[in-house]
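Only one chain is shown below, in structure tokens, and it's the form predicted alone.
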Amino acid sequence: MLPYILRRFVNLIPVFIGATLLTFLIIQAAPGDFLDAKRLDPRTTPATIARIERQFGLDKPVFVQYGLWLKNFVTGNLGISFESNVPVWDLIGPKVFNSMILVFGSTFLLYFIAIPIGIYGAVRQYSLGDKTISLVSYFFLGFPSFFFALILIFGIIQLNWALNTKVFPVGGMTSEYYDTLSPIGKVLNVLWHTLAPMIALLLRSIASESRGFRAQMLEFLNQDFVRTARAKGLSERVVIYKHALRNAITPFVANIGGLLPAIFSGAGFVEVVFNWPGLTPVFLEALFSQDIYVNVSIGAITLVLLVIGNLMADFLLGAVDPRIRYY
């Protein structure tokens, strides 16, 4: 197992360098740079522009800039944000935790809900319940998550207006009176604000995952080893949950490897729509302002977490399926 882990991390080195260098070059290839707005400002002198270029290393060739960033990244220094003039980690660190709340929470609820729905659809194939779930799932699959976010916001506003009270918040992570709450009250207040964005994330994800799990279950329920288990007189519950489910869940265990990098990709445009202070708004702002170190650092950390997440998924696959061995 140890040689396998070492090989995975050795293989990460050229992939990491290639991916981050390509990202660096693409950002640099975009027209203009961060200093364009300052150059157009008549109040900014050429001396100030030159000082800022020296400060951030923008006066050096592109490959020299990348080499300096890579050297700093290896030592744990992600550089300084051009826009905020603070260390990149200080900028994105608090946002990671905020995105983690949505990503981990929605992922847990996703599998907690989607797997039973998939089992129900496979065991009761073509029943009224299965057809109803399929119809609703295909409807939700036709729309992106941020569309449901907009519909939810509209519905919440109408509900709050009709009841003349704030039943659900329509954005943000905390209320105005958050600092006056007790520790338990603060946790509950954050959970209250996560309800709407999590629903927006779950609607489409549950539809997709439940359909995929239903197909996996149907495939294994028709296998010879399942018919043999039934012929031996095993109960239907044992056949479904011990034999079919254990094999069908393997692809979904592999998907757990994407959970860690998902933290650094945030919850997508749902964070933007709900004004959630996660990583997606920071990344988009850095992209628009060509804040190189923020963009490249987020991409680099995401890549490292992807490798670590896939390695964890490999271990879990070995635990779920004893036929899998890593050498």
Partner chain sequence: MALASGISRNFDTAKSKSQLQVVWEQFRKHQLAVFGGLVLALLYVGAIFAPFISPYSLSEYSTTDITKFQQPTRVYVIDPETGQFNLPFVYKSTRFTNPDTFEEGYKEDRSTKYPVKLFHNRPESPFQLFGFIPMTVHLFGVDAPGNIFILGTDGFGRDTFTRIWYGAQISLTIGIFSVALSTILGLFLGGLAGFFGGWIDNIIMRFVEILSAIPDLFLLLSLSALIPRNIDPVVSFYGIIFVLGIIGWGGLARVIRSQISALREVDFVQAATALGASEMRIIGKHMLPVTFSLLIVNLSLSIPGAILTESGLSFLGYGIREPYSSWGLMISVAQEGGFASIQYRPWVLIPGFFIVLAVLCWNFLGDGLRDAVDPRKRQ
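Owing to the predicted nature of the structure, the values given are computational and were not obtained by experimental measurement. Numbering follows the first chain given and starts at 1. For the two forms, the rigid core is made up of the largest set of C-alpha atoms that agree within 1.5 Å on superposition.
One more form of this protein should be noted, the form predicted in complex with the partner chain, which is absent from this view; the next part is about it.
is_contact(Leu68, the partner chain) in the predicted complex, heavy atom dist at most 4.5 Å: Answer no; every heavy atom of Leu68 is more than 4.5 Å from the partner chain in the predicted complex.
Close approach of Pro144 to the partner chain in the predicted complex, 4.5 Å, heavy atom: The answer is yes: Pro144 has a heavy atom within 4.5 Å of the partner chain.
Non-hydrogen atom contact Ile157 with the partner chain in the predicted complex at 4.5 angstroms: Ile157: yes, in contact with the partner chain in the predicted complex.
The partner chain contact at Leu58 in the predicted complex, heavy atom, 4.5 Å: No, Leu58 sits far enough from the partner chain in the predicted complex that none of its heavy atoms falls within 4.5 Å.
Interface residue in the predicted complex among Asn77, Asn255, Ser235, Thr132, criterion: non-hydrogen atom within 4.5 angstroms of the partner chain: Of the candidates Asn77, Asn255, Ser235, Thr132, Asn255 is the one lying within 4.5 Å of the partner chain in the predicted complex.
The partner chain: the contacting residue among Leu191, Leu181, Ile151, Leu109 in the predicted complex [heavy atom, 4.5 Å]: Of the candidates Leu191, Leu181, Ile151, Leu109, Ile151 is the one lying within 4.5 Å of the partner chain in the predicted complex.
Proximity to the partner chain in the predicted complex (heavy atom, within 4.5 Å), stretch among 114-122, 206-214, 100-108, 235-243: That would be 206-214.
Heavy atom within 4.5 Å of the partner chain in the predicted complex - qualifying residues of 8-29: In sequence order, Asn11, Pro14, Val15, Gly18, Ala19, Leu22, Thr23, Ile26, Ile27, Ala29 come within 4.5 Å of the partner.
Large Cα shift (2 Å or above) at Thr302 between the shown form and the other one, core-fitted: Yes, the C-alpha position differs by at least 2 Å between the shown form and the other one.
Per-residue C-alpha change between the shown form and the other one, Tyr126, threshold 2 Å, rigid core fit: Shift of 2 Å or more: no.
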